[in-house]
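Just the one chain here, the form predicted alone, laid out as structure tokens.
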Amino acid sequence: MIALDTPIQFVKGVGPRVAEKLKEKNILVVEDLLYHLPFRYEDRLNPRALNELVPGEMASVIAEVRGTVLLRTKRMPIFEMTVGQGPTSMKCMWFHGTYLKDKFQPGQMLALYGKVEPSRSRAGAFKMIQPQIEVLPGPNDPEETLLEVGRIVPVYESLGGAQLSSRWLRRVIYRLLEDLGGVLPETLPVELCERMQLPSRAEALRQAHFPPAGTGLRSLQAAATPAHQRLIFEELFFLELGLELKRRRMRERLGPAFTADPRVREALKQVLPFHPTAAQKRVLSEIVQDLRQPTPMRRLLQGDVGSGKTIVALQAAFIAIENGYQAALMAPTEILATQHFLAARRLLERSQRQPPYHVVLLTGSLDEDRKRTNRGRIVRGEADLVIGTHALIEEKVEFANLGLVVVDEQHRFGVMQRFRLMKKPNTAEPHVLVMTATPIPRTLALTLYGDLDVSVLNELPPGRTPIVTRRVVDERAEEVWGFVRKQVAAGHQAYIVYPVIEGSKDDQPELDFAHDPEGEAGSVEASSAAKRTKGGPAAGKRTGTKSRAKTGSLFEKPALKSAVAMCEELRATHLAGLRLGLLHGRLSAEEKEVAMRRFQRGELDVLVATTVIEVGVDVPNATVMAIEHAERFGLAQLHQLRGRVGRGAARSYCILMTAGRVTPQAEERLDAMVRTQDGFELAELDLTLRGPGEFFGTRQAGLPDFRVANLLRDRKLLELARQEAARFVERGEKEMSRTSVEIVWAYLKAHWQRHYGLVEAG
């Protein structure tokens, strides 16, 4: 008897060998396969006739193969197929299509899906470039015919080549639903489903896989049908329910309760270098409220580039120190850690306290003797503030009395690294403040960092002037270098940033390129693929043919300029006579430090660099940020780089230099950079362009693997799920039957860690 927890190998048509392949996709039991929803749907009930097609539309077409040919051009082989309906025909083309040769025979019936474009060879005719394609079954297979034509057909993300194709999935899932008999154990309380008018779980799964006639195709593609909404809400409800429990457990833990009495406030005033902004005051007040509680603070501090997060964090550390505890600040790079160390030391030197505050730096590049000395000071309690990199979480590092942990640029650390610092031995549970300069919409932040409260710094300190941002093409580079010379002559400094260190980007994994498949491939398929994000309809990878595998560009792309080569070229030509320095990720920590210190002291006029400078470099005298190949950088990266200038009172400039063809996605990024400096507005656009999975990074960042939900598309349902989860925890036993409550807790217990668990343990 098939059940939801039946191992997948026992499903008809699967077996042990296929089960091993499905295991790689995290599909282990029947339930996992049922939640592998279609990423889009094709209307094969009313497919488009060839003579009714409209240029520019995405269309489904059922047509007969008339003929094929492999065209060999100078740039690439192109596979061309002619399909027809009666007297009307259409061309279909695939770049690098050698793998399609001999795959099709005249007379075969195909389902094609792609963008309709006018043909240049015949007036009134159409073509499709790189359409998705599926060979339809013959008349001798009635079950497959039932699933493939004459209905709205689900199209699935392939689970591994032709063997686990969309057609295979349709057949296996259809049989599974038949075998289960339309009866599935419920996961949500019946009272909640009735109140929200949600269909049953069984009904939702059947209609999501095989929509009944009359279901709107637009609603299906947008995952807006009642069936989809039910499954999305279910997934988000259990996510938020687990997070709500984690938050409540956190409030039950014991942590140090700090005081912020007049003595502490007076000590703070001594070290503050300027009057804080209203936003800094508000955020510090929220932090102080947490620090006063006998439960450990867990707070996320979001602040745009240059908003003054570091000074707020140092004030929080100061409060911890004044209460007799140690504070630790962990930064992702040695440059940033060293900069924080110097800033903290300057700040605390302003205090008249006796004995003076003791700040210690701990990074991987320090010599062993200094590391040993600093570790001794930390464990003996002689270090008040400890600033460092990953070196802080080494087993050898022990604290005497750790009261506050600050993690800078949270998204660059795995959550387990933060967890290890929080759980250092010989200490109580410390307060934790994590910071990020990557703005995240509040609702999503509350999910991504489910165990954290959120504070936002949305105001720049006084004296900051807006940065003038301009786009220029590579042909105007001479004007840019002339402008750099003028700024240096006026006593200022400049950054020039390149996307690679030297040679090919392939051996430089440290670089975070914007994933822009259209720019890489120059194909229609890659372009549309770039717009899909994981989770639900209109999200996933290509199915059907392997047309994505060898797609090539129709355009010649300019070779990428490298930091090493351009530093030498500029030094010898356009910027001859100026003092140029070089900074990139392959330099040793000591070499990086020397280059950065020289630039900060004004011994260098121009710093040629890669994105290693995108975070935490603070040189108020730098007024120009020139970024070559700006079209190759992500939006968040461009915004971070721009934030390296405009840190003083002088007018500052960001120049985005582009070379060759710029893709539509890159155009959108660059136009946004010119239009606004609002990090939250740019983050919204970045999230829209890249989708949540790529925006937040991998599971290391703490984002769970969603099966049906999409954080960007489903934000309203996410907020509703959050409210309903809190209501269930608070009043579930009063409002619902005992059976309903037990169903929810049983499902959460069985599924939380695998499907919803944010890596960090409670």
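Just so you know, these numbers come straight off a predicted model, no measurement behind them. Residue positions are given as counts along the sequence shown, with the first one as 1.
If you look for the form predicted together with adenosine-5'-diphosphate (ADP), you will not find it shown, but the lines that follow are about it.
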Check: Taking the shortest heavy atom distance, is residue 72 within 4.5 Å of adenosine-5'-diphosphate (ADP) in the predicted complex?
Finding: no
Next item on the list: Decide whether residue 618 counts as a contact residue for adenosine-5'-diphosphate (ADP) in the predicted complex under a heavy atom distance cut-off of 4.5 Å.
Entry: yes
Checklist line | Contact label in the predicted complex: residue 639 to adenosine-5'-diphosphate (ADP), heavy atom within 4.5 Å | finding: no
Margin query: residue 134 versus adenosine-5'-diphosphate (ADP), in the predicted complex: is there a non-hydrogen atom within 4.5 Å?
Written below: no
Margin query: Give me the residue from 647, 246, 298, 492 that has a heavy atom within 4.5 Å of adenosine-5'-diphosphate (ADP) in the predicted complex.
Written below: 647
Check: Though adenosine-5'-diphosphate (ADP) is not shown, can you say which of 277, 455, 158, 338 has a heavy atom within 4.5 Å of it in the predicted complex?
Finding: 277
Item checked: 304, 308 and 461 all contacting adenosine-5'-diphosphate (ADP) in the predicted complex, non-hydrogen atom within 4.5 Å -> yes
Next item on the list: Would you point out which of 309-317, 668-676, 124-132, 218-226 contains residues with a non-hydrogen atom within 4.5 Å of adenosine-5'-diphosphate (ADP) in the predicted complex?
Entry: 309-317
